[in-house]
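One chain comes next, on its own, written as structure tokens: the form predicted on its own.
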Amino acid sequence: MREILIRFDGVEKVYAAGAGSVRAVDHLDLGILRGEFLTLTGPSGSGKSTVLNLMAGLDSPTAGEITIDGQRLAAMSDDALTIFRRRKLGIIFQFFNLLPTLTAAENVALPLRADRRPRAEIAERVAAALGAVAMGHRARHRPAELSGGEMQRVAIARALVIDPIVLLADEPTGNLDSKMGQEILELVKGMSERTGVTVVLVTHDLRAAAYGDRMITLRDGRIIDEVTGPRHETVHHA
């Protein structure tokens, strides 16, 4: 049985809202296997993006514990968490988040440059990452010269260039037409199967959610449904 790479134990997230509060995540227990492709779905406001932000260390839980690859996120300093995220977590956003003044290759190189990797290593890794998403021929083009699907491919290359243990994707097809969205989902699925990277994909689209080995539906910050595919092994939540 594969090991659990990501674990949520009794995780809660409460936001202040005017005179009251909103419980975005409600005592969530969740285990995600190494190499698993997990999709999180649910209506708007169900807590799925909050769960992803908590996994990424971009937000902190109000209560409970999050562990990734044996490391407790709450035990890390801000600097240590930044380094952990930069080296271990690839993140894909709905709005691409590419810098418009940089070429595709320069955008992909950003996390490696931030980590002060050697120039030769950066060039080799960037070429390999762009090649993996079939964008090597567009390396010198800037975002304004690319289609939405091409920009998302570059964003995926940027997330994969660090060789992450986890790929987090927040509505990665939300700004694409259905044909281009399907291409991106096939690309992410293929990456998962070839490299063994653990994927957590948030989507409101049930067709996109069906790409996962396991599909979890959230409502009001709680798991209300869980469907597993043929590649998935049962995980017993603590």
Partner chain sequence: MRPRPQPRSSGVTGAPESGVIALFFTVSLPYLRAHAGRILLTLLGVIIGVQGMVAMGALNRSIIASFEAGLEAIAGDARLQIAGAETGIPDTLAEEALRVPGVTSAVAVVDGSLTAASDPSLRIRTFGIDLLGMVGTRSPQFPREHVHIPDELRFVNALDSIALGTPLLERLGVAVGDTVRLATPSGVRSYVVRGTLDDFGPTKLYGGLVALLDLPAAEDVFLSPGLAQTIFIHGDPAVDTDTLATRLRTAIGDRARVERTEARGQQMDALLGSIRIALALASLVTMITAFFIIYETITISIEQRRREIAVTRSLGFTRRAIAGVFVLESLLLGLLGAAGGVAGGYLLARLSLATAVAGVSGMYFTVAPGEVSLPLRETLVAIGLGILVCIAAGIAPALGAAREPVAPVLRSARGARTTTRSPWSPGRGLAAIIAALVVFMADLRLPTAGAKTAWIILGHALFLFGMAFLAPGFVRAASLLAAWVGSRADLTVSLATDFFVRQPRRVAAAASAIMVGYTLVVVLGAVVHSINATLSAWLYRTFGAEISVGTSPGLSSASFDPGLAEDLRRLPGVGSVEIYRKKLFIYGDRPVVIAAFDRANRPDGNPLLLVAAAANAYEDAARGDAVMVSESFAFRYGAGLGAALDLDTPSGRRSFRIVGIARDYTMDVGTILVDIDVYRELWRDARLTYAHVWPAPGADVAALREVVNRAAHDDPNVTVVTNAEFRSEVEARIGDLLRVLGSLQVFACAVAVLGVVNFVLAALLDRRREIAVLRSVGLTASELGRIIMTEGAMVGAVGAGVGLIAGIPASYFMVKHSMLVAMGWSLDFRFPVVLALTTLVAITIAAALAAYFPARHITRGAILAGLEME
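Numbering follows the first chain given and starts at 1. A quick note: this is a predicted structure, and the numbers were derived from the prediction, not measured.
Although it is not shown, the form predicted together with its partner chain is what the next lines describe.
- Comment: its partner chain is not present in this chain, but in the model of the complex one of Asp213, Glu171, Asp59, Glu183 has a heavy atom within 4.5 Å of it, namely Asp59.
- Only one of the listed residues (Ala123, Ala134, Ala114, Ala75) places a non-hydrogen atom within 4.5 angstroms of its partner chain in the model of the complex, and that residue is Ala114.
- Residues Arg7, Arg34 and Thr228 are none of them found to lie within 4.5 Å of its partner chain in the model of the complex, as judged by heavy atom distances.
- By the criterion of a heavy atom within 4.5 Å, Arg85 is counted among the residues contacting its partner chain in the model of the complex.
- When its partner chain is considered in the model of the complex, Arg119 lines it closely, a heavy atom lying within 4.5 Å.
- The shortest heavy atom separation between Leu110 and its partner chain in the model of the complex is within 4.5 Å.
- Among residues of the shown chain, Asn53 is one whose heavy atoms approach its partner chain to within 4.5 Å in the model of the complex.
- Stretch 98 to 106 is the contacting one of 125 to 133, 67 to 75, 146 to 154, 98 to 106, since its residues have non-hydrogen atoms within 4.5 Å of its partner chain in the model of the complex.
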